[in-house]
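Here you'll find one protein chain in two forms, each presented separately as structure tokens under the names structure 1 and structure 2.
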Structure 1
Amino acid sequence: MLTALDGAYGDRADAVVVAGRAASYEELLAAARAVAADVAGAPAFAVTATASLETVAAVVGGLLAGVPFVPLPPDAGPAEREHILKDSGAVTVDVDFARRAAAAPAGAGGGPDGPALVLYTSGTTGAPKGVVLTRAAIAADLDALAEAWQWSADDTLVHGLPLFHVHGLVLGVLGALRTGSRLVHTGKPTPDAYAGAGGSLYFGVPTVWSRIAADAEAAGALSGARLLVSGSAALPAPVFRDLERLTGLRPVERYGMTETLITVSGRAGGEVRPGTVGTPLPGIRTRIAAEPGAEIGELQLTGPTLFSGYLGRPEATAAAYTGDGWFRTGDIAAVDEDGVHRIVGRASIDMIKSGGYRIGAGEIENALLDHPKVQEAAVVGVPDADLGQRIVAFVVAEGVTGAELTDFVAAHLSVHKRPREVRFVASLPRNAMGKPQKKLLLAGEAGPASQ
């Protein structure tokens, strides 16, 4: 599956660089075999997925052993870690990149339909669910993207995204190892790090691109690249235009989800327009479930890149599909006469995207309600020029500060899920059914940065 590790493209001492440490394919493979020996026979295994060569060895080791890999967010607090470990049944493993093995364990390996990854992702309510992705789905997606982006062993891929989500882990690590492109992971996705990395292909979430576009010198350093790709949230049109002005490149946007992998994308060398995410990748079919006479509606899709289900939750899996077998993305979209897709927004106000992270309002509300001083809580995503949306918590509480509540969520769930702002209110506006009226809480906030 990882063609580069089979020697298809030769080797070099710095084939994979993560946060300043370099490894050859041979070294990576030997470290991954040691991981495979440790995890062989386990139902699943979990590793704290820091931006490191250890995480790269872990994901490869899981594939060699045929044991699903569960990446743990390094900034996760005890509640989130425990939920993921209990729900997945994964054993925890520490990876030592200096440990090497000459061969994968005997009898190890997985078939194409075997689970490769279990990635935890938030719904609108409740705790995150484990999304099971097969090797076949991952391979199909990476091959489709390689075609769309003319992504090859001639490329050097640069990014600094977290290694516990699709973007950084599947595209950003497995994609490099399947196409044979050299990988430079910058540790953090800062403008300076991207500028200094000398890549031909760059991945980023819109927050990363907007910070680069605000730094003319860093952006200018990317003008020698072949392709800049944005995804995980909507790229604001002003950021698109600033990037084009400063780099001479029109960034390509692509659209995806943990459950579907990347399904729609602009093409390298094709026409790209700000505010659009391109056309379906080979093998993907899309449709818009619109009311009669309307042009926008829920985007639904089918294809070989879809997940095989939410781990242990057949009802949630069934609910994610229409009666005729199309996956319901929950995103509202429109398609023009050329088949070019435009993502208009989310169907649910309770699904927040902040800095490219998907965060369920219900999960944050539950965490806040676990605080003894909090009586009521309602969480919304407020338009934010840097993060796309920022998490704002409206709470009814006494005897506690906003900073204390922020730290409470950061410590229990994870740092990237913490509210950026806490507003104390005397009561929450509720409808006749007693449900908080979040639209009223959002009234008066500025529109999205892209409009």
Structure 2
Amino acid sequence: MLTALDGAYGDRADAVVVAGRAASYEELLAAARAVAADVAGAPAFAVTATASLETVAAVVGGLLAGVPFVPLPPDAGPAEREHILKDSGAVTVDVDFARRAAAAPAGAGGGPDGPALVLYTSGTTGAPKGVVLTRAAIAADLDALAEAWQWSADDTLVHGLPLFHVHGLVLGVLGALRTGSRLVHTGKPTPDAYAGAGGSLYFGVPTVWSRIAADAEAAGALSGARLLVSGSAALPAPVFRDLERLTGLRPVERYGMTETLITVSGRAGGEVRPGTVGTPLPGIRTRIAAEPGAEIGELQLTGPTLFSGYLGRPEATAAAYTGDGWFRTGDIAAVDEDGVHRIVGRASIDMIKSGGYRIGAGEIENALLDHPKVQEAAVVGVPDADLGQRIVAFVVAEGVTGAELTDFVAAHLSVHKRPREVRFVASLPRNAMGKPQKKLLLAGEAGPASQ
């Protein structure tokens, strides 16, 4: 599956660079073969997925051995770590990159439908579930993205994303090894690190891009790239505009989930609109399950990139699909006449039903972020005896009142979409991928708020 390791694109001493450490494809393959020998015959194996050459060798070693790789978040607490290991049945392995082997163990490998990765969900609706991804699904997704982004061995991919998520591990490591592009993982995704990496293709999440956009010198250094890709959460329109102004590039957004990999994306060289995630990748079909007369509804999809199921949870797997076999994303979206998708938010928390209207939180958040005094914004619906749900905005801002922000939104969107309450907070709680944790806001764990 990883054509770069077959010698298809030659070799170089710095084919893979992680946190300042470089390796050739030959060195990576030898280290991965040693991992394959260690894990051969295991049901699954787990490695603490730090930003390191060891993690890269681990995921490649698992593919060579035909043994599913379970990346453990480095910041996982004891309870989460214990749950993942017990649920997956994985053995833990310590990887020594300096240890090399000339060949993978006899009988190693695996068919295209065999499990390659078990990635655990965030557990926001219960204990984290193991998402089983096959080799075939990963290969199909990476090939579709290579076509969409014109991604090739001529590229140098730069990112500093965690290696225990789809974005950083599947796209950011396996994608580079399948396309043959040189990989530079910056260790941490700082503006200075991105600016100094000299890439042609950059991956980031909105938090990364907002910090780069706030650093004009760092952003200017990215003007020599050909493509900036943002994902894992919606890129605020002001950040999009700042990046375009400073780099001359319009960032491409894409949409995906752990269970589906990337399914919808903007295209390199195509029209890119702020607040949209493009059109379905080859082989992917989408539909919107909306109530009569509604413009937005749950995004459902089908295609070759979908997971094979939740590990050991057939009931949960079955519940994730409609009766006619389409995957329920749980995300609320709209599709325009050109087939361009816009993600509004999660059905569980971002679909607000207020005063008889169905309102997407993301649209209000983007409107708030257009205000020059607003740095961060998260919008939720809270129970209200009169409206059903009341629109509440949590905002990081200075020098502006809640009433001013309410009027600002009402002037940009329909009046019924204005926040009924604005709460000012010092910061928004976010997960490792930069997504706001709205349930923590509702639980009052973001600190005291004021009107």
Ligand code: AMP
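Throughout, residue numbering runs from 1 along the sequence of structure 1. Please read all numbers here as calculations on a predicted model, not as lab measurements. Basically, rigid core = biggest C-alpha set you can superpose within 1.5 Å across the two forms.
- Between the two renderings of this chain, the form predicted on its own is found in structure 2; structure 1 comes from elsewhere.
- Relative to the superposed rigid core, R250 undergoes a CA displacement smaller than 2 Å between the two structures.
- After superposition on the rigid core, the Cα of A237 moves by less than 2 Å between the two structures.
- Put the two forms on the same core and the Cα of V158 is off by less than 2 Å between the two structures.
- On a core-based overlay, A426 has a Cα shift of 21.7 Å between the two structures.
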